[in-house]
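Taking the form predicted alone, here's one chain by itself in structure tokens.
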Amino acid sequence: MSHSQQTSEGRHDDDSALSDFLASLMDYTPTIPDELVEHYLAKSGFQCPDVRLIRLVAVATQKFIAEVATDALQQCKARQSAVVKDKRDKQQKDKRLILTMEDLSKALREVGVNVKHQEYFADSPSTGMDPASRDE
């Protein structure tokens, strides 16, 4: 078998896999609605009548958001596990994870998105806790 035949067969397999994947997107309902994806694509100057491409962008966006959220959760867990030993006893009672804007900013920075935000009272780890259990 010649090199060009192998390349041709490999390309055919890739084309077939791509066609199957694109066909499967027609039956898939992504978490991010088609209309929302179309809106932001149009806002950036991209028009596409092919629903499969719109859904492909939605799936890629969903994956990106999931990865950033997972990274932010890891940042949150790392931050909360770095608490001084004195506070550990108090935290054993309340094991809630409090995701802050700082956690999200660090996760976004890892993928090249820089977020500038105002400092809010909600960025405090004690926000939402019972006033009696605050260390302030």
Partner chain sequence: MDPKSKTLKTFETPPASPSHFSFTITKVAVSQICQSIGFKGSKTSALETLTNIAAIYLQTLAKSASAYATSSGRTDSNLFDLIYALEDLASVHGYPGASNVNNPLLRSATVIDIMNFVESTDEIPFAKPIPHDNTQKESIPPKNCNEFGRAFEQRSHIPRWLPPFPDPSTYEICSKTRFHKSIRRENSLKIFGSLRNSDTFAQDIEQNDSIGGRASCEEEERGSCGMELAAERARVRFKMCVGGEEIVMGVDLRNGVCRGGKRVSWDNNYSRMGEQEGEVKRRRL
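Residue numbers count along the first chain shown, from 1. Since the structure is predicted, the reported quantities are computational estimates derived from the model, not experimental observations.
Not pictured, yet referred to below: the form predicted in complex with the partner chain.
Taking non-hydrogen atoms only, Val51 never approaches the partner chain to within 4.5 angstroms in the model of the complex. The partner chain is not shown here, but in the model of the complex it comes within 4.5 Å of a heavy atom of Leu97.
When contacts are judged by a 4.5 Å heavy atom cut-off, Ser81 does not count as touching the partner chain in the model of the complex. The closest non-hydrogen atom of Ala23 lies beyond 4.5 Å of the partner chain in the model of the complex.
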